[in-house]
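Let's start with one chain on its own, the form predicted alone, as structure tokens.
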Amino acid sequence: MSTLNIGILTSGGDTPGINAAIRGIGKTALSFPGVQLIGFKDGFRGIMENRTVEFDNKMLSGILTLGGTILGTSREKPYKMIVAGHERDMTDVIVENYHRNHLDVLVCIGGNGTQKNAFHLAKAGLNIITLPKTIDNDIVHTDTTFGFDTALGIATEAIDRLHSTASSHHRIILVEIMGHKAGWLALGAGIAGGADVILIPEIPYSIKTIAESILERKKQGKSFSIIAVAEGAMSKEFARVYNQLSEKIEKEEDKDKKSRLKAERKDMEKIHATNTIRLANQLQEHTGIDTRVTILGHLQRGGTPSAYDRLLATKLGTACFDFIQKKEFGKMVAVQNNDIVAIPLEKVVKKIKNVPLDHPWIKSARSVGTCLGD
């Protein structure tokens, strides 16, 4: 009897629904004779160090509702790992361990970084299939990613709870919401939570516009304001300089100059990391209203996955095994219009799914009088 050896790893930030996806792949695969499922601990570092665990049905039992990942995770890159204090390309070692475990395919569950790393291994000759997970919902060619719905619910509940404090103390409260360079989470939670101002990376904001909106609310007898701020939201001034720098980086052909420009951009991003606090201070100065900040941070990524994320992760996980049987390698399992499809990784990597400016959510936010800062 021929065997089918499937490797699986989870990489990047922990996300609700990962364990549901592992379970979906595993329970489907192990229902067939001759299938072996090997997990690698802590992402790409785990396969580099050949730290494995063999899955059976007992190990897959009871993990559907668990947050995080039972395999552990890391943000290590196959081509840029710290080994003995030095940065090294460990691609060859990973390829060697892939073959040492007699793998027929390696399933990589992760966000944009994982898709890029998985594509790197596919180009190195490995059979790769990926699943899209991230609370940011910013992976292209899939309608949604598992983890997003859970984080959306958590962020919405946080805004709900902050309404009472903002109202009682007549304050402005800024809620910083994750999302990296895409505004899906802040926009969705802001609308669902009834935020008065929503700031997202796709729409650079003006301090003056936000302050005028808040003061207009005060004139109307509304004594508080809730502002949902995506961590990547930028002022118009900052966005102009940042985007000009990014354009220079794209056009620059000299390797050393390009590297210096990238370092300059990285410094800008470090400065921007505390932007929400600066924004709060600026708004208090402009409006004279007591202002506070709540940064949700990793709280958004933790805990039990929502029913929707369990369904989505299970659906993608079970479909993953179908694509393995069809030998649809070098692809990401995605959902498009409720259909499960396999998207070539070269179409996924180095791209971000931003919120379109004509998206229905943006139109709805404007229609109910939400200020978007522009």
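None of these values were measured; they are calculated from a predicted model. Quick note: we count residues from 1 along the sequence shown, nothing fancier.
The form predicted together with a small molecule is left out here; the points below concern that form.
- Taking the partner from elsewhere, Thr134 is found to have a heavy atom lying within 4.5 Å of the small molecule in the predicted bound form.
- Using a 4.5 Å cutoff between non-hydrogen atoms, His298 counts as a contact of the small molecule in the predicted bound form.
- A residue is said to contact a partner when one of its heavy atoms sits within 4.5 Å of a partner heavy atom; Glu231 meets this definition for the small molecule in the predicted bound form.
- Of the heavy atoms in His170, none are within 4.5 Å of the small molecule in the predicted bound form.
- Residues with any non-hydrogen atom within 4.5 angstroms of the small molecule in the predicted bound form fall in just one of 120-128, 179-187, 87-95, 256-264: 179-187.
- Residue in contact with the small molecule in the predicted bound form (any heavy atom within 4.5 Å), chosen from Arg292, Arg278, Lys236, Arg75: Arg75.
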